[in-house]
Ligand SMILES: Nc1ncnc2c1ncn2[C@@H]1O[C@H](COP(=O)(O)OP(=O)(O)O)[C@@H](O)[C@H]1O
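A single chain comes next, written as structure tokens; it is the form predicted on its own.
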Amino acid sequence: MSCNGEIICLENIYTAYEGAAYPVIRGISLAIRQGEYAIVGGPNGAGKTTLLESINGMLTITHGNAYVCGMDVRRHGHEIRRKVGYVVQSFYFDPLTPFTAEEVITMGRYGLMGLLKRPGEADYRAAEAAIRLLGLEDIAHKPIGTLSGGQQQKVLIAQNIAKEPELMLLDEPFSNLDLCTREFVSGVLRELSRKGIAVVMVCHAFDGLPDERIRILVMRDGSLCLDETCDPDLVEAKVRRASVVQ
């Protein structure tokens, strides 16, 4: 496998948590193009979140080569994270968190501004655009801790969109959303991919997907067991089938 300008290029990588006896990610090779929309599925413990953390330079890659946004993950993890939006799974804000939703979204710009610098006009414009894109105008000035889990989830997605990333990694972004909201957010992510931002999303909910062919990556025991593109109505069945040990 050779890298030809893909936004993600993994070549036979192994990833292990510090002190672990065995790697969690085992021999994965994967190429994701700019603007691609991909779903990562598989059973619990398959290594899906670990794959996202490896791509984002948060875990040590012990073997193989990994390039994200044109940079070597092992050498340039910090620089890569400035270019990557990463929405973590099931993050909740304490009710007393002293920030509004708008302020939390603007925090997505902090890595771009530099140490100890205050947001400028471009930062506020990016945050406002993300607020409009996710339809958060009505809650923008409410304390983040008073919002529902689904609203907080949308705020975190908006925060990462405000970052203006080259790549979006999302870990179960639909877990707190109803079907209607899942469909809306999925459409927003599809629009991002049409603008050239790659979207890689771990999920178990497959009923809010856009009406076009989807790339599915299924993991089992730390490895990829399926990598193909199919129509959205076939995604769930293919993921379920590939997740089961034959």
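On a predicted model such as this, the values are computed, not experimentally measured, just so you know. So that there is no doubt, residue numbering starts at 1 and follows the sequence shown.
Same protein, other form: the form predicted in complex with this ligand, not shown, and the subject of what follows.
Chemist: I'd like to know whether G47 contacts this ligand in the predicted bound form, with contact meaning heavy atoms within 4.5 angstroms.
Modeler: Looking in the predicted bound form, residue contacts with this ligand include G47, since a heavy atom lies within 4.5 Å.
Chemist: Would C225 count as a contact of this ligand in the predicted bound form, using a 4.5 angstroms cut-off between non-hydrogen atoms?
Modeler: No, no contact at 4.5 Å.
Chemist: So, C9 and this ligand: in the predicted bound form, are they within 4.5 Å at any heavy atom pair?
Modeler: Judged by the heavy-atom cut-off of 4.5 Å, C9 is well away from this ligand in the predicted bound form.
Chemist: Taking this ligand as it sits in the predicted bound form, is V235 in contact with it (heavy atom to heavy atom, 4.5 Å or less)?
Modeler: No, no contact at 4.5 Å.
Chemist: Thinking of Y17, V24 and P43 as the candidate spot, does this ligand come within 4.5 Å of a heavy atom on all of them in the predicted bound form?
Modeler: Yes: each residue has a heavy atom within 4.5 Å of the partner.
Chemist: Counting only non-hydrogen atoms, choose the one of 185-193, 208-216, 49-57, 28-36 that falls within 4.5 Å of this ligand in the predicted bound form.
Modeler: Heavy-atom contact with the partner occurs in 49-57.
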